[in-house]
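One chain is shown next in structure tokens, namely the form predicted alone.
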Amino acid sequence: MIEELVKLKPVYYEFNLYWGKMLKLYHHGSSVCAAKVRMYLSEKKLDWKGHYIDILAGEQFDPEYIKLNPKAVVPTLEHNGEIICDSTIICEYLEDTFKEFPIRPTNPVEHSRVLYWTKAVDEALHPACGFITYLACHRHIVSRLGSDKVKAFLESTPTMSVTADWHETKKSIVRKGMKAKGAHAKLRLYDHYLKNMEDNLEKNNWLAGDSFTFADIAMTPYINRLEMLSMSGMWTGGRMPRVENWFKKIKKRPSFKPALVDWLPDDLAEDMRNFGFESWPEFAKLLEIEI
């Protein structure tokens, strides 16, 4: 089995009192999907034990971990002998299993709005986020592994992972950078969903209505990712004031810091900030944003 890494971050070792079994989450500090689940756990006031998987060092390709998650991605939840994969499914499982502190709206219309956002994240925004994160930052981090280890890292990615073509896409990003096929389209798609948020927040206090829901949790890591990459100019400076105000409210929630900030290693946070800052002028030019 994968050994649990000791980290200089808060780790929660309390027990889940619902079934007498501890929730175990395999996760990583920079993973948007893992952050989504950590935030959901926090909003549900559930205790959990973390198993940290360093996805930038290739620990997700450990054969023992792939037995748990064949896609070789994080997060993976272990509870009461069951293994649950895929972040949206994990959050729905938590909502169905633990009834206290409900997050799912009881109003069918609001619930349908939540499903719009979770579907958009899973089908479109998450692949775009993975692409942009590697484009702006992670390709530089992976390159530090050295040519032989970079090759092994890229070849270890399963064919079916973040997307059906992620194996070849990741290779292209790492090797070609901004010349990788689809780079411009992914950035514009990301901007499209920010504009959807801006329009939606004109009518509602939160993304699905007047209450904080899974829709807000689902989008939080993807907006935070842009800020981590020094790309908050996509909504600040008067470009999308409602998104800016929404994110300010999100960051005030008690769940935000422990779920999205505390697990990110300081050196990785610095890399993402610096590499993102270097990439931002070219991204801003593509989006016709003055800087």
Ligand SMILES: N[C@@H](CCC(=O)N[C@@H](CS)C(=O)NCC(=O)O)C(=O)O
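Sequential numbering from 1, following the sequence displayed. Here the structure is a predicted model, which is why all the values come from computation and not from measurement.
Keep in mind that the form predicted in complex with the named molecule is not shown, yet the notes after this line are about it.
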property: Option from 185 to 193, 210 to 218, 100 to 108, 85 to 93 whose residues, in the model of the complex, bring a heavy atom within 4.5 Å of the named molecule; result: 85 to 93
property: Triplet Lys176, Gly276 and Trp280 all within 4.5 Å of the named molecule in the model of the complex via a heavy atom; result: no
property: Listed residue (Leu229, Leu260, Ile223, Cys33) with a non-hydrogen atom within 4.5 angstroms of the named molecule in the model of the complex; result: Cys33
property: Sole residue of Arg139, Arg113, His126, His79 within 4.5 Å of the named molecule in the model of the complex, by heavy atom; result: His126
property: 4.5 Å heavy atom contact, Trp166 and the named molecule in the model of the complex; result: yes
property: Partner proximity in the model of the complex: Val243 to the named molecule, non-hydrogen atom cutoff 4.5 Å; result: no
property: In the model of the complex, Tyr134 touching the named molecule (heavy atom, 4.5 Å); result: yes
property: In the model of the complex, Ile55 touching the named molecule (heavy atom, 4.5 Å); result: yes
property: Stretch 63 to 77 - residues with a heavy atom within 4.5 Å of the named molecule in the model of the complex; result: Ala72, Val73, Val74, Pro75
